[in-house]
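Only one chain is included here, represented as structure tokens and corresponding to the form predicted on its own.
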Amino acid sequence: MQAGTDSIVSVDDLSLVFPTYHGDVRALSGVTLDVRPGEIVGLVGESGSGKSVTAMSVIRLLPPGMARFTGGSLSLLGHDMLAIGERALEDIRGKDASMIFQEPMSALNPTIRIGKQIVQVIRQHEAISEAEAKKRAAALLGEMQVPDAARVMRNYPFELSGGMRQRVLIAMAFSCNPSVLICDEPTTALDVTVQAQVLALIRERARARGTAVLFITHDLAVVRQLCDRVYVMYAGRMVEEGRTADLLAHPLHPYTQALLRSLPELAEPKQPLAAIPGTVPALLTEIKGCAFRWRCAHAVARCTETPPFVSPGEAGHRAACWFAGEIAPPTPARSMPASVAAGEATSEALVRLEGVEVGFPLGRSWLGRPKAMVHALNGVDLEIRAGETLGIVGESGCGKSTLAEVVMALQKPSAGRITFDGVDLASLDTAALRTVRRNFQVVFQDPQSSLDPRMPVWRLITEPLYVAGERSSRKLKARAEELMRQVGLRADQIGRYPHEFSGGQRQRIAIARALALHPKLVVLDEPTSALDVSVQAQVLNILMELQASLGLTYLFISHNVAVVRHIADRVAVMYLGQVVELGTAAEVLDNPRHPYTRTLIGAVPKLSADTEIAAPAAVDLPSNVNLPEGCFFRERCAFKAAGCEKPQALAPWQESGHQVRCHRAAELPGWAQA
């Protein structure tokens, strides 16, 4: 592979190691890539494949002394980045090259106002007055479609939503008109409408200014609709490159094919995903030959020799594999065996919510009275049936997490009634409620944050049992071993600590902990959003197998519509504290009748679509302090008409279990996904 001569970013045969007490970790081995002006290049692969290390190497963000380049060259805008001094690097970073990080809350200083942070970046690289810098900062925020930019400039980061913080980071990244923009998973934690808006902003700004963009992600659908070309990395090496459409339609390398097979978009709903067995190899020793051969179904003796990059078909589409172009493309996932087939949900309601409302006081007067109320839930009527998976989707701030807290009796409703297994939770005293709570457990989004790093795994898994009164270490360890086996982990690992496991293994530990008390209901709050596609497939398979074998009921909260479509029996779409559409996953996601559901699904990147991502005209929800009158979605709705100013009720549509909170549901045109 030879980098293009007109490239703004040119990486050629770059190798890098991290010195450790156990030896050198070979993070990058012979990496070559290039990015040209105005081009958006994707970089994909599992966690630990070297994507972020490659990106940070381009602008030398790795701390001195922690990394050592052992070979190759690295050029940015004609500068030799391996020989350049620290002072020159400071001039390049922010001005010629900028970076957007995955978590905006971590990337922004929580103690400095937004406007001042943008102004500091501008004045660091340009000799202009503070007034001019403020004027440019406000203009940048306006270009990023940030409403009321003057107010946002006075805000601190914690006062903004996740999507708003990410738009601030993009504004900051473009503040000095950089020639190179590096995006490291910039939309992973965002819901689909905000993601579409952020991606559209990046694409439009890159094209308008000829900016070269290196875009790191594990979402192949985003790559399909955003990137011109794509590189696939595995174990610190490039294993495939090519035009995005060619590479995703006809992948040459078994690893790329395996990534595609693990996507829920390419599998039948409720069927096991074709997860990639094993994990990325440790890089403490030099790997001879193909690094993927231990996980590859096509490996032969010849794979112990390093394969060359070859191009058997389309020009520029190359892969490092002895069998490039000879292996069949991805096929649909296998059918669910009878032993793990998902059981039919009963018609009996395990949880029933009737007219549930939740409000939070926003400030108090000197008399102790609330100055205003945040209306988190606004008249929710919902059933969770025994044995089913009920998916909850909606934008950030729509009330999904508050709904989960109410269901688990962690939050008392301001109005309405909640029953669990026929028992009214409001009628229980503290002792009785503590007993009932053993029937609900939760699995959070980030297992690293939800597991105590100081406790061995057996203690973490059995902590609910310990709190419930079990004190025998022998019995606790026996239960931990049983649960470890249930979630697909080795029982002899119970003495290890969380940091000794991969992200997917930590999520399995969190699932095992949730099962310790034999719950009837498990709340899954974004359980796969922080995982790459291969680990996501493993976790989803485990969840479906456990539900089938243990008869569990799931409340599955996610902004990943493809995952919800795959695992859920029914789906509830929430908007501003209300359920606006409810029905089977096929009814709601394949034939949406509410305009909001259509907006939500229309913003989802699609692996098969040739069209570019279409950003919604408006992203932010109306205020949940001063609720809109009538239909809450009316001001954002393209189909609004007379009658929408009146409150709407959730009503059946065409005599099915499909319910819609819209009086024009039958009048909307037919729905056809791209």
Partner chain sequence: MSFLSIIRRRLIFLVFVVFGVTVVTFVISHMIPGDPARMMAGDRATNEIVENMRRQLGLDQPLWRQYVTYIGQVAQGDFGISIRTQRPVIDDIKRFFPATIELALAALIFAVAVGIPLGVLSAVAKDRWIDQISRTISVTGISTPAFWLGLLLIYLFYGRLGILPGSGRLASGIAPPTTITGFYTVDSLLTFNWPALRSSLIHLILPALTLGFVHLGIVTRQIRSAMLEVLQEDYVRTARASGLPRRTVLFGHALRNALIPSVTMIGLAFGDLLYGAVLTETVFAWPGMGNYVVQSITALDFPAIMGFTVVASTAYVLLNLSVDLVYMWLDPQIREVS
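Here the structure is a predicted model, which is why all the values come from computation and not from measurement. Only the largest set of C-alpha atoms that superpose within 1.5 Å between the two forms is called the rigid core. Residue numbers count along the first chain shown, from 1.
A second form of this protein, the form predicted together with its partner chain, is not displayed here; the remarks below concern that form.
For the options P110, P277, G71, P308, the residue carrying a heavy atom within 4.5 angstroms of its partner chain in the model of the complex is P110.
Of the residues given (H250, R203, R459, R93), R93 alone sits with a heavy atom within 4.5 Å of its partner chain in the model of the complex. The stretch that touches its partner chain in the model of the complex, counting heavy atoms within 4.5 Å, is 101-109, out of 410-418, 240-248, 476-484, 101-109. Although the partner is absent from the chain shown here, none of L181, L220 and V222 has a heavy atom within 4.5 Å of its partner chain in the model of the complex. Remark: Q124 counts among the residues lining its partner chain in the model of the complex, judged by a heavy atom distance of 4.5 Å or less. Residue contact with its partner chain in the model of the complex: Y156 places a heavy atom within 4.5 Å of it.
Within this chain, M172 lines the site of its partner chain in the model of the complex, having a heavy atom no more than 4.5 Å away. Residue contact check for M56: one or more of its heavy atoms lie within 4.5 Å of its partner chain in the model of the complex. The Cα position of Q486 differs by less than 2 Å between this form and the one not shown after fitting on the rigid core. After superposition on the rigid core, the Cα atom of F174 is displaced by 2 Å or more between this form and the one not shown. The rigid-core alignment places the CA of T528 less than 2 Å apart between this form and the one not shown.
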